[in-house]
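One chain follows as structure tokens, the form predicted on its own.
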């Protein structure tokens, strides 16, 4: 969808979304149109009890006295309290209202250029569809909108600000693409190939194969993929946007289980097809790197993705096996379906050993227990550092990607003690998300701020979200971009 900006000049034809502030008082542009329509707008508002309440809409088809095909009144609420996340949501609502038209305009009289840029971004986010493998489309059910004009008080400034917003949307779309792709098209080596496209944006991309990881002692990660015909990979992406290119980076680590059968601890068939998106953590990391690179973020950041397939085979890891991680710690594997933590253990240790980061954040669709606790409304947050936790929660709140922090402690850590190894990979059946986090914490070096985001419930939505029509949500890219912008990026 092509998005352009212009100063306010009500279009004479086509579909128009007209912002109306709370209180039902029309802005000057709307008042002129209402006069032309001989009061049709104010009458419709009165009859429908439409007062400009935020997120509410009122559609007037072929309004009298105009040549418009439709006029959609969009409630802006109190503009003084409208933030970027709210503006994005308004853009998504506007898109839904006119998606059946070939072109449309959004008129935002009285809305600042920054908010207008986010309205445009929200519209583009909601426009995403994954139709790559369809050979026949139901044209009546597919959006037709190809061109969107956003009119606001300072179009040039809005256009400039939108460039940064568009970079974030680009990253989210890349994440959604990777997460949506079926596992016969996205597997460790093809995931790496897709990530190498980031070199066009200035990101340095490399990958370690199984031989290199064996040499480094990554027995934990490699054990997960040993039952697959696909070779495991460790993807390393670097963006050095800070003035001091040697300054310690922020490390973002993603779980990349490109398909998870559960291994020998085989999952039940219903819903197993969803396990193509068990690599969503890695998908978020790649999307974030694109967003930061395209907006030229002034920060040093390294993205690490442990990429494997967890398959049952004669060579597959067995329940009861003991594996040795890169850190030297040994792990008794009681359940081969608790594999993501085995991947992250070596990926996190590698990130710390090689890059000496200022902080480590990992993202993983790690436990079903987090979905039972939080459903699709929050991601789980686990951390050894209050400041990092507070920053993540604030960033998530500002973009509408919420986090809920869970407790950690020795009482939970005792649940993963093993009688024959340094630890076992599952606890005793209770507090599964917490014991998984306790496992990961054993691979965090002393004094390194660390946070684990369990995103199992938020990366995919069959029914859709306010910014996604359905499927992969792209959760996490906006959150981490905001974290970087607010706390780690140079002014």
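A quick note: this is a predicted structure, and the numbers were derived from the prediction, not measured. Residue numbers count along the first chain shown, from 1.
Below: the form predicted in complex with a small molecule, not depicted.
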So which of 259-267, 73-81, 246-254, 210-218 is the stretch with heavy atoms within 4.5 Å of the small molecule in the predicted bound form? 259-267
Ok, 367, 151, 127, 228: which has a heavy atom sitting within 4.5 Å of the small molecule in the predicted bound form? 367
Which pick from 362, 339, 88, 346 sits with a heavy atom within 4.5 Å of the small molecule in the predicted bound form? 339
With a 4.5 Å heavy atom cut-off, would you call residue 277 a contact of the small molecule in the predicted bound form? yes
Can you work out whether residue 33 and the small molecule are in contact in the predicted bound form, taking contact to mean some heavy atom pair no more than 4.5 Å apart? no
Though only this chain appears here, would residue 393 touch the small molecule in the predicted bound form if you measure heavy atom gaps against 4.5 Å? no
So, residue 426 and the small molecule: in the predicted bound form, are they within 4.5 Å at any heavy atom pair? yes
